[in-house]
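A single chain, nothing else alongside it, follows as structure tokens in the form predicted alone.
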């Protein structure tokens, strides 16, 4: 069954990258082939920890989508955007910097796709009032969403997948990735100031239009806003403490989502209908395809090749960490970072088996070995930041490009690439320095 599984994997990847067919259709069809050809049986696909669907990832995503869908009904995100524009007094670069900051923070604690979906329409409105080209603002928000989303466990789907496979908790990401992201974000804004600071100009009359906007009118349901903000804050606190109480992140998120549904007064049909079900089923299909190539041994062959190239040692994986940042970054700019991480997770687990000479399934002691931790953080930084490298590198980019085109401001592949490649290169370089200095020089 080696070759059928390998062919399903390669063809599915190629079609997903080509974007000729929707990625969810491809993933589900590939998963169905894995099952119908008995490469995986149904029990393995739905119940095996090593080969099957990662339900922790699935329910964490669904639960956070429910919380955000309820919050959307309140108008709070539009309120924040208008308030920010007025705080900047209509100054175009200040608006860009504040929106980038809001997007990055929102992406860290909500998720990057939801954040750009909520902010992009308001950005288009403000750009229209200022009579400026909205494209630089929208590209800035896409880039900020991927940078900010890298900082936490729940910010970007690849982090959720890495956390689940490596047994990492919310605070692990805060302590190990957030410092790097703060450095990268500040450096990026400084560069952005040099690029856009003197290129964006608006008249005083157009500034006055923005200052005249009434953000309070956008809060449509103050009672629901109080309930949803309270539950969101409690859910985030739950993420911070889940390691102490030995709950999975999905359990915390599900409790938050269920509680908010119960107290919101909103009809569940409407809220659940707005969950990104195509994304959820894409994940399910992808997990089954990856499970198939793990079972037939393709991942084992790939991990042997990685070992040969990087020569990781049980107590030192410096070369592997450095290679992982750039390999993940470049690969995630070419293909969506979600299927890339779905492939890399089992590959690293198999590599652990070989490096540590294990005969039974790897335990958390080996998965979280001190030498392995920089490799996991390198994968997270490379995959999430590499998503900025092209319009198809991350889901948030695809959303922004689509919304901009729909509004009559098409963003060409090359225009996005011009900004995205430079930001990705700078981010990966700073990540490399961060990983090397923190883990291999300072050893902290």
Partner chain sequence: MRVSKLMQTNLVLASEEATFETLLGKIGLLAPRQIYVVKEGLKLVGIVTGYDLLKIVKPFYLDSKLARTIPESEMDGFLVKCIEKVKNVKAKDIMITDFVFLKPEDHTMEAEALIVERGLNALPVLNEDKRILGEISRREILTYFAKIYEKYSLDLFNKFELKNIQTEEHIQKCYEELQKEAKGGN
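Not measured: the values here are computed from a predicted model. Residue numbers count along the first chain shown, from 1. Take the two forms, superpose them, and find the largest set of C-alpha atoms that agree within 1.5 Å; that set is the rigid core.
From this point on, the text means the form predicted together with its partner chain, which you will not see here.
Is every one of 297, 300 and 365 within 4.5 Å of its partner chain in the predicted complex, counting heavy atoms?
The answer is no: none of the three residues contacts the partner (heavy atom, 4.5 Å cut-off).
Hey, in the predicted complex, is residue 220 touching its partner chain, heavy atoms inside 4.5 Å?
Answer yes; at least one heavy atom of residue 220 falls within 4.5 Å of its partner chain in the predicted complex.
Hey, in the predicted complex, does residue 121 get a heavy atom within 4.5 angstroms of its partner chain?
Although its partner chain is absent here, residue 121 would touch it in the predicted complex, with heavy atoms inside 4.5 Å.
Is there a heavy atom of residue 129 lying 4.5 Å or less from a heavy atom of its partner chain in the predicted complex?
It does: once its partner chain is placed as it appears in the predicted complex, residue 129 has a heavy atom within 4.5 Å of it.
Does residue 213 reach its partner chain in the predicted complex if we count a contact as any heavy atom within 4.5 Å?
Although its partner chain is absent here, residue 213 would touch it in the predicted complex, with heavy atoms inside 4.5 Å.
Looking at 71-79, 181-189, 261-269, 156-164, which lies within 4.5 angstroms of its partner chain in the predicted complex, counting heavy atoms?
Residues of 71-79 come within 4.5 Å of the partner.
Using heavy atoms only and a 4.5 Å cut-off, determine which of 323, 331, 306, 125 is in contact with its partner chain in the predicted complex.
Of the listed residues, the single hit is 125.
To verify the annotation, which of these, 94, 193, 209, 353, has a non-hydrogen atom within 4.5 Å of its partner chain in the predicted complex?
It is 209 that has a heavy atom within 4.5 Å of the partner.
Once you overlay the rigid core, does the Cα of residue 406 travel 2 Å or further between the shown form and the other one?
Yes, shifts by 2 Å or more.
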